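Just one chain follows, in the form predicted alone, and it is written as structure tokens.
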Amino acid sequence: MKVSSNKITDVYAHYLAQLSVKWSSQESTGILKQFFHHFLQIPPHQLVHNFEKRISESQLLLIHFAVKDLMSNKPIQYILGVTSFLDLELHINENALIPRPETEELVSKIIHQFANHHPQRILDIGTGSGCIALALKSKFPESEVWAVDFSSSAIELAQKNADALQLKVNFLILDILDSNSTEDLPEKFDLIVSNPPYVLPSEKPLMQANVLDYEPHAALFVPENDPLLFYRKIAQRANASLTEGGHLWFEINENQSPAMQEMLQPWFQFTEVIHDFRDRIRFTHSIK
């Protein structure tokens, strides 16, 4: 079935019917308004006033393929190429995980903790899109922020975001699991933060198709037989690299909370487990 005309009212009705097969009418309306705003620069509140306007064939194709991708479970953030994180707008693509509300909460907790005494030097391990590092730099402009990732494509994306936001972050390609990896990091940090891979392969049946089919598995999954692999390596580094009284923050798999506490306690004078806004165990905070 083809769109009856290239009038916005007909285009809108056609793709609303398609989206409504998978989403509620309210959700479908919201999605289409995002598409018309992003691809055609028509603000949502002005869409109805433009219903009689005709769009070009190339504009129609932009909407068509966006809807087609969405119906194939491609995340809307990857379709639009942008996402929000706290008060930042970030470029996003399939080389990095889509930032989650839980990670926003992690950064918000760190910002609150350091409200009166900004950390001099920060390290973000597994930076992906750069969301954590850039959000912290935006709130702590005088802090020296470093961010690392094993993926050169992720670092390229993170640097693109830093340039767009005009925020100075030192990005490096570094594999935290590779003990032979050459690096140019400073010796000491006041804050180390990481949201590393923590999903077990056995948990795949619980995950949504849009995550499994599109988001980078290397940033999601940890070996079944070593669920604390990344945490252990990062905690070892933090034990050596944090200043006295320095802080280590993790986003974690709630099922690994007891094992995380047991691992961290010998290295740090204080460790706490913190629940997220859904009342799930989601973070650990340790002090050197």
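Small disclaimer: the values here were computed from a predicted structure and weren't measured. Residue numbers run from 1 along the displayed sequence.
FYI, the form predicted in complex with ligand GLN isn't displayed, but the following is about it.
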| property | result |
| --- | --- |
| Option from 158-166, 95-103, 72-80, 184-192 whose residues, in the model of the complex, bring a heavy atom within 4.5 Å of ligand GLN | 95-103 |
| is_contact(Leu172, ligand GLN) in the model of the complex, heavy atom dist at most 4.5 Å | no |
| Interface membership of Trp146, ligand GLN in the model of the complex, 4.5 Å heavy atom rule | no |
| Touches ligand GLN in the model of the complex: Pro119 (any heavy atom, 4.5 Å) | no |
| Partner proximity in the model of the complex: Ala219 to ligand GLN, non-hydrogen atom cutoff 4.5 Å | yes |
| Within 21-47, the residues that have a heavy atom no more than 4.5 Å from ligand GLN in the model of the complex | none |
